[in-house]
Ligand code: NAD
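Only one chain is shown below, in structure tokens, and it's the form predicted alone.
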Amino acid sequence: MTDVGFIGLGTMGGPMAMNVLKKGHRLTVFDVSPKAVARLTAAGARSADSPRAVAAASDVVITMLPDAPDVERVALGADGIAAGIRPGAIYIDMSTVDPDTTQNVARTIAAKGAHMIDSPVGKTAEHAVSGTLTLMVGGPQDIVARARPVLDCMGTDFIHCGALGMGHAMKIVNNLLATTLLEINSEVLAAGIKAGLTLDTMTAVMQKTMAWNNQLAVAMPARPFAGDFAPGFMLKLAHKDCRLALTMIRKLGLAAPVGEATLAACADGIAQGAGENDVGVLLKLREERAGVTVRKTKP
């Protein structure tokens, strides 16, 4: 049993924290939403009044926050994690941010005699509930090994991506690719429907060619092809992840013109008021412009 602290109890963080608690660890939580905290305390967690207090009570501290500025504020602020973290403790950032932010925060954590690793997650909110997320981990092998029993409460696919920050590097390039595939699938399918093809015909052919991808096989049939654009992984978060990936790519002195086009498509969707919708709304935006709908034929 480990004293674990969890900060950020949203759509993903809430169920992740619940799984840590269910696996028998003592849990201290903090979130700006009293309702989110109440769900955890009703299940047996303790609440704290600040990230500093969470860190002071924990051997392992986890954050699951929206963006890099949130991580910096929660970790480095006057009442933040670094102000309260125990010597020898481990801080795991499971948010999706950039490697530079991780390495910057880690320097302050190290100065306090503690350790930091990064472990952003893949898959969906449903997998967060079931504890079957994909964990992309960055950090020293020995610290990762110490954190593994807590991480295993939340995920079943564990990939050590390399040094500190490489979990985040992996996550943001992965999400740039996933969003790009969703956008180009949407463009092509809307065009095919407009030309007179059916979705069933197109997917039957694509399954036999190099055009096939997991967006077509898994994600799009689950929601967009059924006309379901309710919030899951929101478009505004996909935009954020693409932005982080492209910022890293530019810093490396590289170009990513197709990725830049995907970022622009996400920004366009947000400007049209779709930022709170699931990222699958990219299909809806293409449908509206083509004057068609892209739907699977019901059996």
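Computed from a prediction, not measured in an experiment: that's the story for all the values here. Counting begins at 1, following the sequence as shown.
Absent from the display: the form predicted together with nicotinamide-adenine-dinucleotide (NAD). The rest refers to it.
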Note to self: Quick check for you: of 260-268, 52-60, 226-234, 247-255, which stretch puts a non-hydrogen atom within 4.5 Å of nicotinamide-adenine-dinucleotide (NAD) in the model of the complex?
What the structure shows: 226-234
Check: All three of 180, 280 and 293 touching nicotinamide-adenine-dinucleotide (NAD) in the model of the complex at 4.5 Å, heavy atom to heavy atom?
Finding: no
Check: According to a 4.5 angstroms non-hydrogen atom cut-off, is residue 64 in contact with nicotinamide-adenine-dinucleotide (NAD) in the model of the complex?
Finding: yes
Notebook entry, point to check: With the cut-off set at 4.5 Å between non-hydrogen atoms, does residue 123 touch nicotinamide-adenine-dinucleotide (NAD) in the model of the complex?
Noted result: yes
Checklist line | Contact flag, residue 11 vs nicotinamide-adenine-dinucleotide (NAD) in the model of the complex, heavy atom cut 4.5 Å | finding: yes
Check: For residue 74, is any heavy atom within 4.5 Å of nicotinamide-adenine-dinucleotide (NAD) in the model of the complex, or not?
Finding: yes
Check: Mind listing which residues of 160-175 have a heavy atom within 4.5 Å of nicotinamide-adenine-dinucleotide (NAD) in the model of the complex?
Finding: 171
